[in-house]
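Taking the form predicted on its own, here's one chain by itself in structure tokens.
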């Protein structure tokens, strides 16, 4: 590795070195607030470093890219880590989390997500994917006094280990068929006469099982509601945004570098996208637990993303990147409201606990309603623009039938999202008072709702920027 490689890795190195330092400091210094404040500072410095450091045209050790596309997601995941830690300040203090370990794991997760978003090698993809997944295994069950958290962590670990095996075996078969780990050459080397080699086809299939687990495609989604429900709310926010978003960004990198590499898998992916949207929508409708509802709705959103990826067009890739940004803001905002209302005794998960909270806490009620309506695709929100560009890309690419299904699933989503909003503003049987929230928690809510509204009213600058980033 050269000095230029080190400079190109600067944002990730800031996260890793900062996480290691705080982890060591936490062994001797156990005060929660200074350690989490240090983690917030490290994440913000990493975001600034990714924004100001000149991107390198060269790959880092032949494994990762530091091109503008990778830098964009390094900024996004660093900011997400900072917001997650801001949400965790009171949450972690009340539950007596080991702050050094907690902060380090969040920062390590952000570093892995940043690397995965710019992976240019099968080895780099595997290492970065597992680096943040290992951290999430621990974070999901970090609250040791919560039995649901322990159960969620065990389920995520067992199924995740199986998915890792599929990914490793799939990479081995792709390497055997192509003779290289470098993504463009490996994927192009899988094709002979316009058709995939048998070993390459099998390798792609095994890798898709792992990818389907990571982003909750049906039928690999069964872990999602239990893990969302049992994990601490800030960790669930990280899992719902950065974990899935980084895999989505990696898929854009992979497919953009080798157009047509998965054309023989399109019929299978078409079925997966269809099942993901239908099953996710039907399972979200009867939910009485808000975190489980958001879990099933996240399944539907991954179906939307797959719909736009199928055409393999630059428009589809740009739409996916824009939607990942909007989805991150809306999902993070929703879980931020849950976190801000929680106390040392637990989180308000049952819908019955939300009756009338829109009147009792008007600011947070309005933020949650805005986030949910953005996820549903309400006009004037970023979610509407995001879905519009996704579905437009799918129709333009010749997947009109699947786009129609996606539009219908989006209409169905109004039923379960508006149900939560109606509960928020119901006047009968008001729920008991919850935590008033802190200034940092309200700052996170302000950032999320501002991003949703700004991207809904004025999306052109970000869309133009993303169009220049696609590899």
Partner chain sequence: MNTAPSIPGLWCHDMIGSVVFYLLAAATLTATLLCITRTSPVHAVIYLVHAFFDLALIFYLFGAPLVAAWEMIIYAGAIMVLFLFIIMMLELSPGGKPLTVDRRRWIPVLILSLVTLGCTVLLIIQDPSSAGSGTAYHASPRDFGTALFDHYALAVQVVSFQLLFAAVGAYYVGKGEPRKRGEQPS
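Positions refer to the first chain, counted from 1. What you see is a predicted model, and the numbers here were worked out from it, not measured in a lab.
Form predicted together with its partner chain: not shown, discussed below.
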Residue among 400, 289, 263, 147 with a heavy atom within 4.5 Å of its partner chain in the predicted bound form = 147
Among the candidates 336, 308, 372, 115, the residue which, in the predicted bound form, approaches its partner chain to within 4.5 Å (heavy atoms) | 115
Candidate spot 315, 410 and 462, all three touching its partner chain in the predicted bound form (heavy atom, 4.5 Å) | no
Of 269-277, 139-147, 323-331, 81-89, which is the one stretch near its partner chain in the predicted bound form, taking non-hydrogen atoms within 4.5 angstroms as near?
-> 139-147
Would residue 108 count as a contact of its partner chain in the predicted bound form, using a 4.5 angstroms cut-off between non-hydrogen atoms?
-> yes
Hey, in the predicted bound form, does residue 131 get a heavy atom within 4.5 angstroms of its partner chain?
-> yes
Give a yes or no for residue 16: in the predicted bound form, does one of its heavy atoms lie within 4.5 Å of a heavy atom belonging to its partner chain?
-> yes
In the predicted bound form, residue 362 touching its partner chain (heavy atom, 4.5 Å) = no
Which of the residues spanning 69-100 lie within 4.5 Å of its partner chain in the predicted bound form, based on heavy atoms?
-> 95, 96, 97, 98
